[in-house]
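Heads up, the chain below is alone and in the form predicted on its own; it's given as structure tokens.
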């Protein structure tokens, strides 16, 4: 216990200790609720209607893992509907994106195989790789030459892992080139679509679908806790993949299943985005407004995603800036090193469909005024 105390004390002294803080009603430029679905009364009503339709008698919890008491016929229906939506043979729903990522990387690669990971992939993917017995190596972020040099040396079955959109910089992976390169070397491509599900592609089918290569990527992860506004995730691919995960994925086998209300939420949320394209259009309009407003202004990112940044090196500097912006009733959060590389500390600014152009302009003005 003394070791734990020392590590916590060191973190406090460095000014990087993490604490929990409730949402206090500030103007939201922090959450991953890109489309506003997490607080949508229309979606809430649809979820309740779906739940009542399929579960007329209350079922508060699933009662066990899906291999025991925790499976219902409705769960099969939701997964079949999602498979049709994502234009794939089968999907398997997991309790979270984290558990889905743990499952796929701890289960598919075997001893003697090789995992090649973009250095910036999410911690859950890295943790999944650590849980398995395959060799694992990182390649430089979005660097196809570095990846190819490692593909030439890789042994066994080779799995290349990337995200379609990275959450700290808001930059996209070169997914078309990744697909071509992995195909050239006979490797398997795993793409996490956590931050593109619901936003990109036809009716929110993801960035791979937008780039017209979804059917050429064998393993895809779609997350529901961001733009979809609910909870859970799914792994999409072949029926053989689904059957394999049901039999061997420990994060699926050894956990209590999500309750029926959560599956009703998934069902309703994916119907909702197919019927409300206006939310996606409003988000894309706000991204364009941001890009126009920050053009030529030092420190600001400008990309085609809802994740933007303002870089202000130094943990103390960026914390002071975040505190100032928060005092003006804007919810922005500082991203400190070592979460990001030292010298690249930044504000992570999430744009949403419900932010107004005036709010976006005011936020930019507040950031620039801080230095004057």
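All figures in this text were calculated on a predicted structure; none of them were measured in a lab. Positions refer to the first chain, counted from 1.
The protein also exists as the form predicted in complex with a small molecule; that form is not presented, and the subsequent description refers to it.
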{"item": "Option from 151 to 159, 249 to 257, 285 to 293, 120 to 128 whose residues, in the predicted bound form, bring a heavy atom within 4.5 Å of the small molecule", "value": "120 to 128"}
{"item": "Contact assignment for the small molecule in the predicted bound form, among 88, 223, 182, 107, heavy atom within 4.5 Å", "value": "223"}
{"item": "Contact assignment for the small molecule in the predicted bound form, among 74, 219, 172, 98, heavy atom within 4.5 Å", "value": "98"}
{"item": "Residue 167, heavy atom within 4.5 angstroms of the small molecule in the predicted bound form", "value": "yes"}
{"item": "Residue 232, heavy atom within 4.5 angstroms of the small molecule in the predicted bound form", "value": "yes"}
{"item": "The small molecule contact in the predicted bound form: residue 227, any heavy atom under 4.5 Å", "value": "no"}
{"item": "The small molecule contact at residue 190 in the predicted bound form, heavy atom, 4.5 Å", "value": "no"}
